[in-house]
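Heads up, what comes next is one protein chain in two forms, each shown on its own as structure tokens, labelled structure 1 and structure 2.
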Structure 1
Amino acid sequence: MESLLPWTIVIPLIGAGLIILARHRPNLRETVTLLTAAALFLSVVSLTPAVLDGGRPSLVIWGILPGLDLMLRVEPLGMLFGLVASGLWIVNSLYSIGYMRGNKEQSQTRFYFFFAVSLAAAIGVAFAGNMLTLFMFYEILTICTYPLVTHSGTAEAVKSGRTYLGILISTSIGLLMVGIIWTWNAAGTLDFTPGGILKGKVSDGLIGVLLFLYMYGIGKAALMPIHRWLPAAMVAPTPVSALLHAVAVVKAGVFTVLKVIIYIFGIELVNGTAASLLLAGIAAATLLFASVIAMQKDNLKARLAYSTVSQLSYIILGAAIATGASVIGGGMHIAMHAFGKITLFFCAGAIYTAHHLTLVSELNGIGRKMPVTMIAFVVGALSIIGLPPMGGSLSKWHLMLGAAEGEQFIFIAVWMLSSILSVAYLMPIVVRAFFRPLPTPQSVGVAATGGEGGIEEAPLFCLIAIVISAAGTFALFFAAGDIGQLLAPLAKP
């Protein structure tokens, strides 16, 4: 199955090329997107059995610097991230078709093209065999998503795009690159090695410095105060927010955080150091503050974006605690949060497509018009909050278990508090949607788009996607055992 490894990156790129070729025939173009997504998912899936058996398919592409290769190497965490990203791409493509056509967006070919390239980059991040390779794909991901963020080309989009790119590029070039070079300088290698490569090579002080260079260098993980790009990115069309800024891009960030903690530093090296405690404190603060901010946002997508910031810090916190269970929990949360959040974004986009509503305060009674969408929204919200029987509850469980294992009980309290806060920012939406009366047509101009009372759902493609992702969120609750089994090798030092 190793022969399929390069294809995981090549397939989306070929797809991107075909999309350009099919630019004058929208139906063909969208078919290409779907087929590419399916092919990518299959090729990623085909790697899974080998990884489960303890195999580590790897491939050296070429030597880029003396002693440093551009190489791919699949390990459990990357496997999981790759599965999530490629699997959700199929769902998201369905959704995109509905959304982009429903809203008659411009430059759709460019949209699908960069989407495919971004996926290639995300898979590259997932399967990178050393830090340099990861960094390269990480930067490509940043650059390829920029045209998607500024898709509309309005002044606001340009401004947000500037924030987006400014923060992501400056942190990655300014901090992450320095961190990587410093690591190379100290350790003489950048290969992801179980147990880390820095042990015994650097002083404690330098470990602290490096830890912060990495954590703030990985801007995609949106640790405060460099989280501003994520809400800014919400000007993008919703499918972009859904797949990239709830799944691929932000998960690439936290995924990198986990990778660095596990394979560069090594859990043992980080666990219990002063720097890691400080980092955990910052992550905890980000987690709570972002939740509080989310409560105050009336714009639905902005609220979800801050929720994402908060949820990402779950994973960073898990990485900072650096025990076996906490990193497994962190890894698991990548999948759980991905499904939950993409569902929520799908719903937000569906509401916009069907009724052009963007504010939470406008959502009174929407549940009666869009029952399927809003039920899916409830499913996603429950998962984010961390209630069974949704996937999110189990990853949170592992994370808390990890905190207990590291004897840092305060963070258990943080997670509990965070759950309460997420109830506070998600549940009002549900309450409004189902229990408040619909506004009268006179008070809201947009209601003129359709008659009152009847069901007005988003386009069919959107609806299918929403149902699939909601079902996935639910199914993950039962698949958590398998994920745990996949990730188990991470806990071994």
Structure 2
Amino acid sequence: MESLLPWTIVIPLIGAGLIILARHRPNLRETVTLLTAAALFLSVVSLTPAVLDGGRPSLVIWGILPGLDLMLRVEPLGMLFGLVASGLWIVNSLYSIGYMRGNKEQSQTRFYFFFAVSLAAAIGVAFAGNMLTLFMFYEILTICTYPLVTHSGTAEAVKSGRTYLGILISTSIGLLMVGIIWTWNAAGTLDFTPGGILKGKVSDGLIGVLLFLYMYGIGKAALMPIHRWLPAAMVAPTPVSALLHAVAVVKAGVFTVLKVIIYIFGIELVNGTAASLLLAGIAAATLLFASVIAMQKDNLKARLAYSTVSQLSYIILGAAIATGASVIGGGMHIAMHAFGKITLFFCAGAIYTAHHLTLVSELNGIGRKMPVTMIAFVVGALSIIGLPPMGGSLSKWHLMLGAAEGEQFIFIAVWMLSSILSVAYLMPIVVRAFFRPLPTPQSVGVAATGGEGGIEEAPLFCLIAIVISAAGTFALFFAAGDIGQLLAPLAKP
């Protein structure tokens, strides 16, 4: 298992090189992308039995100082993130083929190259054995996704890219790195250790300062008010939006939040402290405010972006409550939200590709034109809302159990209110799609929707990916027990 660990990072890098070599042969380039994604997923899956059996495969890459190494180590939370990221890369690659060709996007080789490098960085984050290694891959992920955010090269894309890079780099350098250095100075190690490394090493007041440095230094978790980079990045092509929201970037953020709470602070140290209650209040406010903003957005991708800001705070709130059930629920929500949200973004991109519609107000009757796409949208929406039999219902259930376990009943009410707000910003889209009439020939949108013609879905590769991700959202409801078994060690002190 240890010898396999570096290959989980090397495989996508090799794929990136082969993509460059195949740049003049699109079919070969995309075949390489799919084969690389499949090879990465299989290599990650092969590590799973060892982790389920209690093993923790690890490998030191480079010893920098005594007790401070660049190292890889697989534990349950990283195993789950690695499975989600590598598995969804296959699905997103299928979707990208249909989307990039259907929209005749420029610089497709560059797109596939940086996508592969981004996945290498995401797996590095997932399997990092200490905070230094995670920080290194976290920064690489920021830098190599910047060309994807600015892919179109327009003035708007360049401006959004500056916002994206500026916020993420400034928070990680100005806050997260300071917290890491302070932790090393106090604890003498940065290794991810069950139960944490800070207990008995710092005062209660310093715990609050360090918690602030970590939580706002992890800008990819998109706590308000440092969330603006995420809506700004919606100028990117939809497959990039899917990467940001489901496959790698924001999931790397909330994954890091959970890793820090569980393995740096320790849930016993955080639970019930004034600092954790303050963090929980900020997460709850972000959760609700982002939902309210989402209701007001007519642009479909912008609405989904603010939905993501809200859903990420479910995980941060679970981490702040710091009970066994809440951290397991937070880990589960990484997977559940990833499949639900990637489905919604796939649908938004399919609507744009087939009919060049971007606004919610333009979607009257689109369900008659794109029945497969919009049925999948319903599936993804129900998971985000938290209704069974979709996976999101069970991760929210565990989060609420965690709040009850910690006697933080107010946050159960917050999560329930958020679910109601999710209904308010997602279900009107469904109502428009299936229960409003198509535009008349005199309507502005007639050219885009094709009037009263037949079914006009997105390209086949897009549809295949949409069906797979929607099916995955449904299947996760029945796989929740296995995910809970994988994550059970997180609840131990």
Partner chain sequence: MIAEHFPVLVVILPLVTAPICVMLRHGGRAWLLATIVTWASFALAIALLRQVMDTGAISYLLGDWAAPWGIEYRIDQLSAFIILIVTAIGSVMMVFAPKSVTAEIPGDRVYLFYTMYLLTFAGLLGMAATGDAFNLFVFLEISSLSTYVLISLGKERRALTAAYRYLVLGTLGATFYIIGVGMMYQMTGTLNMADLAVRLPAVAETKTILVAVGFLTVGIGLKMGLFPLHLWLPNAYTYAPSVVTAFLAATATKVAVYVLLRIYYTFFGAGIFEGLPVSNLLLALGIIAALGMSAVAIFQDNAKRLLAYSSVAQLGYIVIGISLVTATGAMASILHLFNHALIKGSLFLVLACVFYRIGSTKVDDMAGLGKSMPFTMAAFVLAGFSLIGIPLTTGFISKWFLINAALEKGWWIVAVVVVAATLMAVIYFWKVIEAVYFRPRPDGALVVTEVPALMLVPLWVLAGANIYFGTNTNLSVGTARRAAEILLGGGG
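Between two forms, the rigid core is the largest collection of C-alphas that superpose within 1.5 Å. When a residue number appears, read it as a position in the sequence of structure 1, where counting begins at 1. Every value quoted in this text rests on a predicted model; they were computed, and no experiment measured them.
The form predicted in complex with the partner chain appears here as structure 1. In a rigid-core overlay of the protein, G67 has its C-alpha displaced by at least 2 Å between the two structures.
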